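Okay, here we've got a single chain as structure tokens, the form predicted on its own, with questions on binding and movement later.
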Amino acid sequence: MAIAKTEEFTQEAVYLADIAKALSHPARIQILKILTEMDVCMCGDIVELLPLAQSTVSQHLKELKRVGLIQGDIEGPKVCYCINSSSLKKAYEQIQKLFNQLTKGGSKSCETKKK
């Protein structure tokens, strides 16, 4: 039986890659900003603020929800979305930890090799 390649990496690496993938589209970044400014928001409200079709916005919301950066509560026939603060904080901390490791003093870089 074949093993998924992601099983060959640490959970932290898989998590960070998933978050990076979810953040890799400008519409998703804008959705996060909208939800931060509005606190909570219906999908229709977000559609009005973006130059995208409702179905496209729904797909972006689905991806952000899949990785836990947002959450949605059903209110009748609509879903009310908001930022998942604890998940956003975890993502921030993990990304910050990664960049701290990557930018440690004494790291090898192309610029060091040029000297």
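Please read all numbers here as calculations on a predicted model, not as lab measurements. Each residue number is its position in the shown sequence, starting from 1.
In what follows, reference is made to the form predicted in complex with the DNA, a form of this protein that is not presented.
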inquiry  = Considering non-hydrogen atoms and a 4.5 Å limit, does the DNA approach Met42 in the model of the complex?
reply    = yes
4.5 angstroms heavy atom contact with the DNA in the model of the complex for Lys90 = no
key: 4.5 Å heavy atom contact, Lys33 and the DNA in the model of the complex   = no
inquiry  = With a cut-off of 4.5 Å between heavy atoms, is Ile29 one of the residues that contacts the DNA in the model of the complex?
reply    = no
query = Considering only 66-93, what residues come within 4.5 Å of the DNA in the model of the complex, judged by heavy atoms?
reply = Gly76, Pro77, Lys78, Val79, Tyr81
request  = Classify the change in Cα distance between Glu48 and Val40 in the model of the complex as closer or farther, relative to the shown form (magnitude of 3 Å or more).
outcome  = closer
remark   = Taking the shown form as reference, the Cα pair Gln71 and Val40 shifts by 3 Å or more in the model of the complex and sits farther
